Each structure stands twice: as C-alpha cells, then as structure tokens.
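Only one chain is given next, in structure tokens, and it is the form predicted on its own.
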C-alpha cells in the first residue's frame, strides 16, 4: 500500500514537473512564433483584430524581399559572422592554455588566480566601457571591426567552463603524453582540445549567442552603417525603412535570428554533453 502511494506521488510530481516545463517552453517560444507569423502577413492582416498564427493571404515573399533590399541586411549578417567568428577564435586561443594551467599544472598562486577568474564573472561589461572606449579612441580604432572584437577577446567564462571540463580528464593521460615527449603547449592543442570538444562546442554556442546579440558595445563604438552588427542593423532598419511596417521588420528579425537557431540545433547534442560534463566537478 505504501509502495503504491509513493508511486502515485512520484507520478504526480512527474506530471507537475512536465507541466511547468511545458508552460515555460510555451512562454519562451511564443515571441519567436509570433515574430515568424507576423513576417508572413500583409500589413492589413497584421493590424486585424482577429489574430491567427497562419496568414490568410501569404505575404512572405514581399516582406523578406523588402527586408533584404531596403537595407543591407545581408551585410549586417556578414558582419555578425565576422565579429562572432573572430571573437570566438581569440577567446578559444586564450581560454584553452589558461584553463589547462588552472586545472592540471602546479604553480604558486594558482588558487588565487582562479579566485580572480571567478570574480571576473561577477563584473558586468558595462563597468569597463568608458576606459575601453578611451583606450580605443587613443589607438584610433573606433568605428572598426577591431573596436568590437578586441574588448571580448578574453572570456573568463570560457576559462572557467574549460577548466571545469579539464578537471574530469585523467592525469594519467597527460603523464603518458609527457612520457611520449610532448610539451605542455602540445598537450593543450593535441590532447586536451580534442578531448574537450563537447565543452568547446558548448562554449562556442554560448559565445556565438552572446556576441551575436550584443547591442550595447557596438552601439557606442560603431558609427558607420556598413560595419553594423545584426542587432544594430535591426535598429537601423526600423528607423530608416520599416517604421510601422512590421512585416518587413519581423522578416529582418527572423533572418537575423535564424543563424543562432541553426547553430544551436546543429550542436545541440554536443552542447548538452559539454554543459552536463562540466557540471560534474
């Protein structure tokens, strides 16, 4: 009797948990579903008092054609790939050796340095905005790709994430590599990086999403429209051409969001593996 009661309470908890997760999923996805729905409709149907997800008359081609022709939307997306790709490459080049040193090497001050890394996670990027802006102005780098890329080349979150993954790698593997004559840098790039590929992919997805959607820093260092990143491009698009024409505006937002969705779906398995494995330690 007691076993049956526990099974019933467990089933009730599972139903409640799935209901809460389902409700959260609906709330999270609703804005994106409405965005895509509006991008397929004509202006008259968008402002119609009767709302439906699917349009009665498809206006998708006109909306998406306006999104790519009235403003250089393809240029904004290309700028997003250039900036996020360069930032992630620099972050990976710095985070891998740092994480390896914090996880597997013995040196004085290691714990203090790791504490500083943790403190770095608590500092919002807006705190250093003014000093960085003055530095880039003195170097003559404002209004360039470098102005957007350089402040984000070191990621303390990436160092922390990879360090947590490296702690799960057996020391015997590293000792065997040393016996084979590999140096510490060779171990990082030839042993640790392939082993940590799930964590690298998870970090790559998070870095892509964060830097692709970054609006604050590009807004203050970019003045030329042809250097605008995707979020800035949407603002330029809304101000210059779309106005209250929400069909092309939502089409532009959908086109800019699509690379993030595709990247996450393509790396979903590795992303989940990387996050769960780094949470073990």
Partner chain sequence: MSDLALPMAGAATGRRRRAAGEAAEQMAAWVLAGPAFVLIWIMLLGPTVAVFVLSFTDWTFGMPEIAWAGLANYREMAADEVFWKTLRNTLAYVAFVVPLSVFLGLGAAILIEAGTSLRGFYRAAFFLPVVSTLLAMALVFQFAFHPTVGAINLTLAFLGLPTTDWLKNPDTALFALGVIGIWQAIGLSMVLFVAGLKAIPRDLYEAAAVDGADGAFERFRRVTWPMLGPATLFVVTITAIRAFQVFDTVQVLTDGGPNKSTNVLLFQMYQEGFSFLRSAYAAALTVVFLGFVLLVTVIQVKLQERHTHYG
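Positions refer to the first chain, counted from 1. All of these numbers come straight from a predicted model, not from anything done at the bench. Here, rigid core means the biggest group of C-alpha atoms that superpose within 1.5 Å across both forms.
This next part talks about the form predicted in complex with its partner chain, which is not shown.
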(message) At 4.5 Å between heavy atoms, only one of the stretches 105-113, 72-80, 162-170, 192-200 reaches its partner chain in the predicted bound form; which one is it?
(response) 105-113
(message) Exactly one residue in 182, 92, 86, 132 has a non-hydrogen atom within 4.5 Å of its partner chain in the predicted bound form; which is it?
(response) 132
(request) Although its partner chain is absent from this view, report whether residue 261 comes within 4.5 Å of it in the predicted bound form, heavy atoms only. (result) yes
(request) Flag residue 98 as yes or no: does it have a non-hydrogen atom within 4.5 angstroms of any non-hydrogen atom of its partner chain in the predicted bound form? (result) yes
(request) With heavy atoms only and a cut-off of 4.5 Å, decide whether residue 176 touches its partner chain in the predicted bound form. (result) no
(message) Please tell me whether any heavy atom belonging to residue 143 falls inside 4.5 Å of a heavy atom of its partner chain, as the geometry stands in the predicted bound form.
(response) no
(message) Need the contact residues for 29-46: heavy atom within 4.5 Å of its partner chain in the predicted bound form, sequence order, or none if there are none.
(response) 29, 31, 32, 34, 35, 38, 46
(message) Once both forms sit on the same rigid core, is the C-alpha displacement of residue 43 at or above 2 Å between the shown form and the other one?
(response) yes
(message) Is the shift of residue 26 between the shown form and the other one large enough to count as movement, that is, does its C-alpha move by 2 Å or more after the core is superposed?
(response) yes
